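Encoded as C-alpha cells, the following chain is the form predicted alone, with no partner shown.
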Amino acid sequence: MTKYIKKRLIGLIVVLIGITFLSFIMSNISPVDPAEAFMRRNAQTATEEQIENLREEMGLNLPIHTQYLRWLTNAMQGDFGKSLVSNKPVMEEILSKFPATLTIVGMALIIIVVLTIIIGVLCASHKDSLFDNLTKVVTILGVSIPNFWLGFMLLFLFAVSFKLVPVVGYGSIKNAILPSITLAIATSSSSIRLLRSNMLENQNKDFVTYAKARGIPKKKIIWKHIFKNAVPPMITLFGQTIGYMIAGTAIVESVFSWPGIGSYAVNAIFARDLPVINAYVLIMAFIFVICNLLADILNAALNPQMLRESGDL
C-alpha cells in the first residue's frame, strides 16, 4: 500500500505542476494586458507611463518563465498575491467564498447518495419493470440536460411560479435547495445507472447462487452480498464527483447568484484578474486530484487484489 501511495503522490505532483504551467502560460498569452485593464477600470485617465509602472510593479515585464517560477514559489507558501479588483489577498478572498460553495456541494452529495442507493437498488431488483424503464428515460435526460438550463427551469417552477423557495439569497437552507438539486441531478443520473449495472452483473456471480441455495432471504442477498460487492467501483466515481462538483460550481452559482468560489472565479475571468484566475485553477486542480487519490486509496484498501495485480502491494 505504501508503494502505491508514493507512486500516486508522485503522479499527483507532476499533474499539478503541469496544470499550473499550462494555466499560467495560457492566461498570460492573452492579448489583454492585465495592467492596462486594471488602470482603465480604476482610473479615469491612465497614461502609458502609469500603465508601464504598474506592469513593472506586477512583474509583467519579466520573462514568462521568471514570472511563472516566482508565482509558483509564492503559491507553494500560500501567497497568491492580491486581487487586481479588490486589492485584497487572493487567498483570503478564496477562503471567504469556500463555505458557500461547500454548503451546496455537501447538500448535493447527500442527495446523490440517497437517490443512487434507493433508485439504483430498486432498478436492479426490478429489472425491466415500469419503474426501471421510466428511470432509464429520466436518467438519460438528467445526464443530457445542461446545468444552466435545468437551473433556470427549477427557478421558474419553484421560485417564480409556486414561490416555494426564494428566487435569490444566501444564508438559509431554503436558498441552497435549488442550487444543490441542480448540481446533483447529472451525477445522480449517471451513478444510478452505474450502480444498477454493477448490481445486475453481480447477480450472476457464484456467491449469489450459493447464497440462494442456502435459502438466504432475497433482501439479505441484495443488501449483504450484491450491493456490498457493487459498491467498490462507485467509490472512485464518488471521489471524482466531489472534486468535479467543487470545481464545477461556476455555472450553477452564476445562475442562482450564489456567492461561492465558482461565481467568484467567473467574475475574475471577466475582470482579467490574473492572480485570482491562477489561484483558482491551482486550488481546484489540487482538490480534484486529492479527492481522486483518496478514493483510489480507499478502493485499493477494500480490494487488495488490485494492488497484487499491479505489483504495488
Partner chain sequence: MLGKIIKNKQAVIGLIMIIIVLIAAVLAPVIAPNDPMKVNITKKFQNNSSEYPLGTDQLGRCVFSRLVYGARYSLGIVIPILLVVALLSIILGTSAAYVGGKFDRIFILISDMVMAFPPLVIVLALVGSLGQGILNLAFAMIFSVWVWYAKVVRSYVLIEKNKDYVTAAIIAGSTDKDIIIKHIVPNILPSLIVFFSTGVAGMILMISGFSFLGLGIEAGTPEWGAMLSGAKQYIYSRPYMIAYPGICILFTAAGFNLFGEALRDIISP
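Because the structure is predicted, anything quoted here is derived from the model rather than measured. Just so we're on the same page, rigid core means the largest C-alpha set that superposes within 1.5 Å between forms. Positions refer to the first chain, counted from 1.
As for the form predicted together with its partner chain, it is not shown, yet the points below apply to it.
Although the partner is absent here, residue 14 sits close enough that one of its heavy atoms falls within 4.5 Å of its partner chain in the model of the complex. Its partner chain is not drawn, but in the model of the complex it has a heavy atom within 4.5 Å of residue 240. The closest heavy atom approach of residue 250 to its partner chain in the model of the complex falls within 4.5 Å.
Although the partner is absent here, residue 266 sits close enough that one of its heavy atoms falls within 4.5 Å of its partner chain in the model of the complex. Proximity of 160, 244 and 280 to its partner chain in the model of the complex is complete: all three residues have a non-hydrogen atom within 4.5 angstroms. This chain is displayed alone, yet in the model of the complex one of 141, 130, 164, 114 has a heavy atom within 4.5 Å of its partner chain; that residue is 141. Note on contacts: among 155, 109, 181, 121, the single residue with a heavy atom within 4.5 Å of its partner chain in the model of the complex is 155.
Partner contact region in the model of the complex: 132-140, out of 68-76, 91-99, 173-181, 132-140, criterion any non-hydrogen atom within 4.5 Å of its partner chain. Put the two forms on the same core and the Cα of residue 68 is off by 2 Å or more between this form and the one not shown. Here residue 23 counts as shifted, since its C-alpha moves by at least 2 Å between this form and the one not shown after the core is aligned.
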